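Just the one chain here, laid out as structure tokens, in the form predicted alone.
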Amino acid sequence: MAPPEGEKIQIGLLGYGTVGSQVYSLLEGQAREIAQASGARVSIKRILVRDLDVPREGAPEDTFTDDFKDIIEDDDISIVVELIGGTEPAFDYITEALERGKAVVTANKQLISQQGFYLFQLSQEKKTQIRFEASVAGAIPVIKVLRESMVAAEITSIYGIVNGTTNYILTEMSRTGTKYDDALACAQEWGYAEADPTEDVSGKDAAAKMAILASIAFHSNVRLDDVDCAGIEDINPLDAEYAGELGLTLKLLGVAKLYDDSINVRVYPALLSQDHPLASVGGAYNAVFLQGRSIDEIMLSGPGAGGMETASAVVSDIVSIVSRRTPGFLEYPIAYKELDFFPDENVVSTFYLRLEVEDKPGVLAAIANEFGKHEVSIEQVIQKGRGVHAELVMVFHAVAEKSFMAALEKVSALEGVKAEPRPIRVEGGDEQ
């Protein structure tokens, strides 16, 4: 059945890979539903590809072009959808589209996390729209929720499991005791990790997404370079094992917090109480947990990656643009505040620590003494012998990170400590 009559909206699509081809398929297959929802007939007129000689299925052959001018200079094209990735030439393409008053949809987290503030300002100046739902958490509409539904919610913190690769790896390590390298290989086998997983396992992918979420939630410009990140490459399965004994679950978290007129945004491995809502989010799924003065707590979860999931978020943005042809305040994600960044060292955190030590009298007392000198209080201790050495597993009361790190430096130098200590933060406790 043909879609109902209405205004004709034509799109220029940049890129026709996994996501681009799925976007084309969704727009064609759901044409009637989109027309009913938006009051317009939406279709892709031209598709930019790198090589015209590569055979492609789906769109008619004469739809493809290798010249961006065929899209940007076409006055019938009012929306440009960027799915080529990377910062160049994507930035130039999006900038020119906005300059000409065309609306833009992008899934490009790296670009938005680095150049978003400029592009947001440009979209407002040119009285057009830029939407980027697919840049964070796939099909989960967290950006739309933050931009529109939560505009007056006074968000105070965001906890995000925003990388499916690392969540799958840590889930496997916790569930089966698998070593990191084996869990990564399994993730690659199932298609949850790239051949080169560096961007994911280092935390950089999550850092880009948290920069975007923090910018929108706190209305202040947060760039990728502002987000400290640590990955999961050094996580030991023993830590996952002890976490279970302590009633904790290991996750790679993106954490953004508001401290009066300052913000702190980081990515790091963290332990969560098993009754925390995020603790049950396993496998390659994503979730974002929001806290605010007006809303208490809200969690959004679902598949965070995949061609169809990302394409669905892109099409949702297209429908939003078409449905709101005259943009207003909600369509301009401008960072109208200039918040300072709260120093990491002043953040109050709870820590888990596993130490390999000599199994002899006095070692635990010496360690406790060093922590005591820095007013770092131990809440819980597990001690297990492993041959000539022992393992001490400790959970501490909340303390300023500079105090804990100063104490840890002294503890690391003690004669009885046999391996470099690797602390892991514990999130979701009373210090929040």
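Treat the numbers as computed from the prediction; the structure is a model and nothing was measured. Counting begins at 1, following the sequence as shown.
Keep in mind that the form predicted in complex with a small molecule is not shown, yet the notes after this line are about it.
Original post:
Ok, P197, G306, G231, G292: which has a heavy atom sitting within 4.5 Å of the small molecule in the predicted complex?
Top reply: For this set of options, the contacting one is G306.
**OP:** Consider the chain as shown here, without its partner, and state which of Q10, S412, T18, S25 has a heavy atom within 4.5 Å of the small molecule in the predicted complex.
**Re:** The residue in contact is T18.
Original post:
Taking 4.5 angstroms as the cut-off for heavy atoms, does S320 touch the small molecule in the predicted complex?
Top reply: Although the small molecule is absent here, S320 would stay clear of it in the predicted complex, with no heavy atoms inside 4.5 Å.
**OP:** Although the small molecule is absent from this view, report whether K109 comes within 4.5 Å of it in the predicted complex, heavy atoms only.
**Re:** Close contact exists here: in the predicted complex, K109 approaches the small molecule to within 4.5 Å, heavy atoms only.
Subject >> the small molecule contact at V104 in the predicted complex, heavy atom, 4.5 Å >> reply: Although the small molecule is absent here, V104 would stay clear of it in the predicted complex, with no heavy atoms inside 4.5 Å.
Original post:
Within a 4.5 Å heavy atom cut-off, is I34 in contact with the small molecule in the predicted complex?
Top reply: Result no; I34 lies far from the small molecule in the predicted complex.
**OP:** Name the stretch, out of 258-266, 354-362, 84-92, 294-302, where some heavy atom lies within 4.5 Å of the small molecule in the predicted complex.
**Re:** Within 4.5 Å of the partner lies stretch 84-92.
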